[in-house]
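Just the one chain here, the form predicted on its own, laid out as structure tokens.
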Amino acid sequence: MQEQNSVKSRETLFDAEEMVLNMGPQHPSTHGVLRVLLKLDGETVTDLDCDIGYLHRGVEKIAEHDTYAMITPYWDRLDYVAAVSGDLCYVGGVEKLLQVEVPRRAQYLRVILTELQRIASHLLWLGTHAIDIGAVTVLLYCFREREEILKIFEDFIGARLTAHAFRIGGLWWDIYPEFEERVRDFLDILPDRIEEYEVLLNANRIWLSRTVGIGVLSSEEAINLSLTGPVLRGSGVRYDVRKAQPYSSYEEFEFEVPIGENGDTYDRYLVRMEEMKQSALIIEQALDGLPEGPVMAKVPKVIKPPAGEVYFPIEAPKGELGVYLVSDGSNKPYRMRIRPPAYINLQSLKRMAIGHLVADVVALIGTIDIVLGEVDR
């Protein structure tokens, strides 16, 4: 009798039309704190839902109880692999509230640091994306170059990961004497190193089989999902905040906005590879034209912006990062709202994954390039 029941249970299990599978949160490719609920027909994804909030810290609510200056370090910990970009977004929003003009030298230095951060962020993305799919060598190569950027940050800012680079009004201090030389040395080696990554991956048949035609998003779908950054540009939409709404003197630099043709995982890879080359071009121009002068504007010791509200966006490595600030005239914001690109881009995972295999979900999480500190906040 017991044996008959066991056989019947097995038959019921295998006769089931669909199966629900938890991928994460304790899963390497979901970055430790993302739970993806998969509904499967065999190994094919028929539905998907993301369960987030495991890393939620309530940054937006905390901001209502801290002064404007005290809030800045929280932005280092949103996208913690692109801390410098987060700083620029927040201080730019406060400066817009104050109507403060940041010195041009500080603007150029901000561009240099944030573009270095973009390269470092893309290197981390490429290394982890590749190892998720099975290419171990690329991770070691990418960390080799990323380490050089982190050393530059460490010597200038004092931190490697959550680098607190900017202050409201500019920079707290000017660059050290060897800064320019070290950045140029890095720019000299970068093209050859990017070529090494491309030699490893561009025509690799395993890489192509895991990325070409996987997670295709049309330009219309990407726009309707409010996607930004490389995910949007991979679908052929040439939108970049640095071009559309220039900030920090970006209008003074010549660079291209790369786009894809097919909107698949391989196109998004190509877009990010080209973005690293364009970032290097921007940094070189900023170093060549770096103005003399102060790096800090005159701002009051106690920052009390006039009552009003602003929205300030930047082009972060993962897309449009924006801050919405409401001031009531006090030294603390009445309201702070973050527009995180990783959180908004994550909603595309369902659209991209349905119809693909479970193994492809790993590649699709990687192609979005999420950081859960920014998703959960």
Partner chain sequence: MPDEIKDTPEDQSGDKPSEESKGAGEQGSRGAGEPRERGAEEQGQIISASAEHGSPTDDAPVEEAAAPPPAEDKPAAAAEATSEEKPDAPAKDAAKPAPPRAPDARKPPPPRAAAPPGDRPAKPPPAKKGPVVTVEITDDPFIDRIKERFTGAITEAVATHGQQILVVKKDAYVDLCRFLRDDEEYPFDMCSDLTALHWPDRKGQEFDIVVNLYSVSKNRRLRIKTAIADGEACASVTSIWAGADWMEREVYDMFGMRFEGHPDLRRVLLPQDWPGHPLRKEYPIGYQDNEWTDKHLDYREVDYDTSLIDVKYAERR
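Positions refer to the first chain, counted from 1. Keep in mind that this is a model prediction, so the values were computed, not measured.
Although it is not shown, the form predicted together with its partner chain is what the next lines describe.
A.B. asks: Counting any non-hydrogen atom inside 4.5 Å, which residue from 237, 257, 112, 194 sits next to its partner chain in the model of the complex?
C.D. replies: The option sitting close enough to the partner is 237.
A.B. asks: Within 4.5 Å, heavy atoms only, which of 134, 289, 213, 300 is in contact with its partner chain in the model of the complex?
C.D. replies: Of the candidates 134, 289, 213, 300, 300 is the one lying within 4.5 Å of its partner chain in the model of the complex.
A.B. asks: Heavy atoms within 4.5 Å of its partner chain in the model of the complex: which stretch among 154-162, 265-273, 135-143, 278-286?
C.D. replies: Result of the contact check: 154-162.
A.B. asks: Does every residue of 44, 80 and 188 put a non-hydrogen atom within 4.5 angstroms of its partner chain in the model of the complex?
C.D. replies: Judged in the model of the complex, none of 44, 80 and 188 sits within 4.5 Å of its partner chain.
A.B. asks: If you check in the model of the complex, is residue 38 within 4.5 Å of its partner chain, heavy atoms only?
C.D. replies: Output for residue 38 is no: heavy atoms all beyond 4.5 Å of its partner chain.
A.B. asks: So, in the model of the complex, is residue 50 in contact with its partner chain at a 4.5 angstroms heavy atom limit?
C.D. replies: Yes, contact at 4.5 Å.
A.B. asks: State yes or no: in the model of the complex, is some non-hydrogen atom of residue 27 no more than 4.5 angstroms from a non-hydrogen atom of its partner chain?
C.D. replies: Judged by the heavy-atom cut-off of 4.5 Å, residue 27 is well away from its partner chain in the model of the complex.
A.B. asks: Taking the shortest heavy atom distance, is residue 228 within 4.5 Å of its partner chain in the model of the complex?
C.D. replies: Looking in the model of the complex, residue contacts with its partner chain include residue 228, since a heavy atom lies within 4.5 Å.
A.B. asks: Using a 4.5 Å heavy atom cutoff, which residues in 38-66 contact its partner chain in the model of the complex? It's fine if the answer is none.
C.D. replies: Residues within 4.5 Å: 49, 50, 52, 53, 56, 60, 61, 62, 64, 65.
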